[in-house]
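One chain follows as structure tokens, the form predicted on its own.
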């Protein structure tokens, strides 16, 4: 089996690619190769030993579907890909639109629908939560510079200013809000989201849905250390029935197909959970799941290949992950090869 995985950017803001690869390679039943699909010749995963057998540069999502398909078809001719697992929010729409075309040449995927992606998007999530009795912070959409001067009075500082795909800033006054708005607008475009700020502890759930509303597996984690960018740098698996019931409900209502991450905050004021985001792919901390007893990435592989997978029923509580920085040493010739030839 040849499985292609994207997002090998294991930096201080890591992508999910490397932990997805680690999870798959450590499954007892896996026999095959991993092919890395990369956007930049300095993605650290390229230079990690025993991760990807080969790496290929693919075009950025903004390059259009034709360029992406042509490149994937070229890679398929050389590597005979069985499955592609895209791991970045910004590339998912393109892969979903191409999945039938990829299937026609023998490449499988296991992805949500366009409708599911739209419903859980940051600008639509509040409506989904309100319809289904799930608590979520109030938000306000900014679609032009003029809108930032029209934030409703019920939104009191501090506020959270978020991009449609990535980036979020906690702001304490209008000047900070305007600065965050300009940064996000320049990088990710509109809409920019202003969200009610809730003080409390952050919790995350990594999960896998089968597309029928059933949860194949879910692991809850409490962040122990958060970086300045808001990324969890350490966390521990926890036992929380309310959190799991909420997550099962979200997957059931969405009929989610694929991996996902649900981000919650437990309000210090009310003690209730609020759903902050639904990320439509496995998170960068997904390797904690197989370490605790639920190999969700490999379960996705088996589902994609048409195998029946029995839902996981439990996982080990108190399993901790701690990230570390690690210098990878390589030769300039490797960098030059990937930079000039687009593969290594």
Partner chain sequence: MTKFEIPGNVAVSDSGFLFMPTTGETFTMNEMGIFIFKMLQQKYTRNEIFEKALDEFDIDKTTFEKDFEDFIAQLKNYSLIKIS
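On a predicted model such as this, the values are computed, not experimentally measured, just so you know. Numbering follows the first chain given and starts at 1.
What comes next is about the form predicted in complex with its partner chain, which is not displayed.
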task: Could you tell me which one of 239, 130, 115, 156 places a heavy atom within 4.5 Å of its partner chain in the predicted complex?
output: 239
- prompt: Using a 4.5 Å cut on heavy atoms, which of 181, 169, 140, 203 is close to its partner chain in the predicted complex?
  reply: 203
- request: Quick one: find which of 97 to 105, 77 to 85, 118 to 126, 217 to 225 has residues within 4.5 Å of its partner chain in the predicted complex by heavy atom distance.
  value: 217 to 225
task: Spell out, yes or no, whether the shortest heavy atom distance between residue 64 and its partner chain in the predicted complex is within 4.5 Å.
output: no
query: Looking at the partner-bound form in the predicted complex, is residue 318 within 4.5 Å of its partner chain by any heavy atom?
result: yes
